[in-house]
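Quick setup: one chain, the form predicted alone, written in structure tokens, and binding and motion questions come after.
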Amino acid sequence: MARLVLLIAWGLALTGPAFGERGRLLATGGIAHLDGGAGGGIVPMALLAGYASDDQYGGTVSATRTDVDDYRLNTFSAAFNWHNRIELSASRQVFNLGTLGRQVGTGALDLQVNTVGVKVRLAGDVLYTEMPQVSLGAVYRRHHDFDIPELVGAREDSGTDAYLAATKVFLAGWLEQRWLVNAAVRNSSANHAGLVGFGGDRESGRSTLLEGTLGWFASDALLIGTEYRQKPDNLTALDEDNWRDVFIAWFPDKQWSLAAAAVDLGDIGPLEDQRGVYLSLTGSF
């Protein structure tokens, strides 16, 4: 999957102007979310991937890396946008247990998860209507190897999140600046965003969770902001805290975007205060 993403990204660099350059305005495709669809790094948005407008198609490929004190997550993803109405996405996530793996004697152990997602724009537009753009999405995740999630109390090796997101860019907002505001409601049973299975011994059902993004456009090509994501706490053996970050995203043109963030993932299992960096490179077509 990693080789495929890099090959497609290299192809985009060689093809010249992207198809989406005839579509929506710069930065209105967001970056690639951890699950592969359009959004921020840890919070989905109502935006659809790429720059396709109502009579076009397009999409993205992306590679991201999150390094915190004791863990590492690599994600490779792709998304397709049809007529700025429907987004289809897929990703491969590789979660390295790092310090925890060494402590329990498993060494450099990886947990691998595949995801597929769909998002439908229901109403509105992020720029051109008074109401925000509103989209409904779902993400299905499945583990390659369920032994460790099952050992710590997870009930299922696969599960589906559903979310409703609303996103709006205010061109002349507070202090006469351009602002991006995004809010999402998620229904989920995922442990640590699905990286450690679904449901648990503490809570077996689904939770309704709130997520949000606030961003300021320092220029047409530079967005600075913060994200916040509520999390369930289903497992007795692995504590789970809400996630937050502070990010900067650069959009030099409609073919490429680069994002970096300082992330705070709180406690993950017995290892406390997991803080670090997130980097993402996205190619659009």
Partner chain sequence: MRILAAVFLVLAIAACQSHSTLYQQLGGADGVDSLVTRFMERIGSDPRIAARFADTDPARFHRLLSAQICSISNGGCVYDGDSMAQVHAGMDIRPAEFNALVEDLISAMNDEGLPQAVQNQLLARLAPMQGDIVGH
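Positions refer to the first chain, counted from 1. Predicted, not measured: the structure shown is a model, and the values here were computed from it.
Keep in mind the form predicted together with its partner chain is missing from the figure; the text below concerns it.
In summary, among the residues 71, 76, 80, 179, the only one with a non-hydrogen atom within 4.5 Å of its partner chain in the predicted complex is 179. Although the partner is absent here, residue 175 sits close enough that one of its heavy atoms falls within 4.5 Å of its partner chain in the predicted complex. Mapping the unseen interface onto this chain, residue 256 falls outside it, with no heavy atom inside 4.5 Å of its partner chain in the predicted complex.
Using a 4.5 Å cutoff between non-hydrogen atoms, residue 277 does not count as a contact of its partner chain in the predicted complex. In the predicted complex, its partner chain sits within 4.5 Å of a heavy atom belonging to residue 56. The stretch from 60 to 68, 29 to 37, 47 to 55, 228 to 236 that comes within 4.5 Å of its partner chain in the predicted complex, counting heavy atoms only, is 47 to 55.
Within 4.5 angstroms of its partner chain in the predicted complex, the stretch 135 to 155 places no non-hydrogen atom at all.
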